[in-house]
Ligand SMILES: Cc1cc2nc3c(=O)[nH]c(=O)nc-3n(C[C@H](O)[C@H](O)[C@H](O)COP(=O)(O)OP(=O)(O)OC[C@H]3O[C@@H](n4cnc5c(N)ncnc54)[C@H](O)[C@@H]3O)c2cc1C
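Consider the single chain below, provided in structure tokens and representing the form predicted alone.
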Amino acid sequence: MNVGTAWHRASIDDQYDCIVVGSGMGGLATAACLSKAGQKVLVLEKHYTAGGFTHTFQRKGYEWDVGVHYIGEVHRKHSVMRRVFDYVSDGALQWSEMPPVYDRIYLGPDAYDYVAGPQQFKERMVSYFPKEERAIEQYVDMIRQVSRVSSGYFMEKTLPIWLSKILYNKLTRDYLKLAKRSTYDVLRSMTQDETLIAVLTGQWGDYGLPPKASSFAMHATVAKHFLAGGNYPVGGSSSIARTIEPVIQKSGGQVITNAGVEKVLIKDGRACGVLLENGREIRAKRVVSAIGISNSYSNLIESKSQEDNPYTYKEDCVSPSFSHVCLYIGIKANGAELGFDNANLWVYRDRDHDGNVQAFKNGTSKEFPIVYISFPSSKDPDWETNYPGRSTIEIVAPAPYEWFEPWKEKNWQKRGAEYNELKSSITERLLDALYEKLPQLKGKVDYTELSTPLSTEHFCSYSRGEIYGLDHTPERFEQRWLRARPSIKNLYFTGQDLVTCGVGGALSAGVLTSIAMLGPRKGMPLLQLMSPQKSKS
């Protein structure tokens, strides 16, 4: 189901309190928070449906999500994540909790289950590694510590630049001590067991960098997020945008699709509106870009001065996250008949995550360093009602943008026979990975479709087909210019480049950007929303 009103059907006013460019999780969350503060917000989306990486698409009687495979913490009603989702959707968004085993890590033939609940997780890990109980306890304590010291670091990004200069060290010091270290470095200080390290970092595909390259703060954020288990939105991931849109509309706002933005209009150093690709100018008191901070500086802001466009001068300090392929699979049978549960599968050839990634990048190995397999139809309790007797599977793997770059100037779905042959060969390799773990599915696949980095570039405007914005290296977390308030007045940023990747990171960024725009008094409900609460049960 498409979300939003197509441009040619919409009635657009000449002036808004705020224009949000991009309707991903960060953009929609910002728009909803501002709308609940009484502002009239216009969300502009170039795609035919709103939602960014939370949207869904349909083919041949099947439906797939494109980026939401599971979300942590929302089954706990007192959690910050659940309370924020309830706030931006007016409580309309519902969740289905996954079974206790939500992730299964394969290192070659050996399987290791992630079990929901901190104590249960520790007990399962100790059952695999009985000599490493102390290291496992220390690890769980450490990922919780990152969560405890993160609020000051991210809140600093909302401050005016003059105040940030005064408070930066105080607010960020404790977090940066851990963010500046690699995931591998921190875990190696706890244990010498390389297999344990490989298992504990088995979710690295959730943020796109293997242990020696990623910031421990990013790893800890994901690990803590899923420590209590995984969840899936009832009705599929499009329910997220579908339940948020009415909140925006209540204050006179709109979510408009097929409305690509050419640039942000800036007059006398202040953002004052946008110019659309169709030539229409729309004015607003403030503008928020939710298309990625690097994309915003590269595509929406014409000024190239170091103050107004620091990205031009800081490109060497950050880099795009990995690009990927995703195989969407349809089967004419339900999950129970097919004999699989809905735990996500992380498939690795062995325990050397970094070595395998490097071998794949330099071409010495053609084997995917990671293959992720998800079963969205089994996670959604409404699926069988909407699509009886059918199931879907998604397989994600990294794929260099350079494989597909020769066809970048060709139109979507019109890239020719050679491009389709490349896609077919990748499809067969991913199906082989699926059949290796679930051989009962061989011969039962009814439909497949492969998306490539060019698909991501086309629909989401990421220039290298990346899915996680900027890489989450230790260096990325030291970039002070990645903030909600750039030097251009009345212009703001939100989304996964502001906080961290993923739906949860982008959601949090939407709240933080709204706090920056509303100020401490009007933003007090949001500040309270972001404050952890103890369970009343």
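If you're wondering where the values come from, they're calculated on a predicted model, not measured in any experiment. Numbering starts at 1 and follows the sequence shown.
Omitted here: the form predicted together with the named molecule. The next part is about that form.
The partner is absent here, but in the predicted complex a heavy atom of 300, alone among 399, 220, 300, 441, sits within 4.5 Å of the named molecule. With the partner removed from view, the residue among 34, 511, 501, 42 that has a non-hydrogen atom within 4.5 Å of the named molecule in the predicted complex turns out to be 501. Within 4.5 Å of the named molecule in the predicted complex, a heavy atom is found for none of 158, 286 and 523. In the predicted complex, at least one heavy atom of residue 67 sits within 4.5 Å of a heavy atom of the named molecule.
Among heavy atoms of residue 483, none comes within 4.5 Å of the named molecule in the predicted complex. The named molecule in the predicted complex comes within 4.5 Å of a heavy atom belonging to residue 468. Contact annotation: residue 244 falls outside 4.5 Å of the named molecule in the predicted complex, judged by heavy atom distances.
Only one segment in the set 512 to 520, 20 to 28, 525 to 533, 6 to 14 has residues whose heavy atoms sit within 4.5 Å of the named molecule in the predicted complex; it is 20 to 28. Along 443 to 470, a non-hydrogen atom within 4.5 Å of the named molecule in the predicted complex is carried by 459, 460, 461, 462, 467, 468, in order along the sequence.
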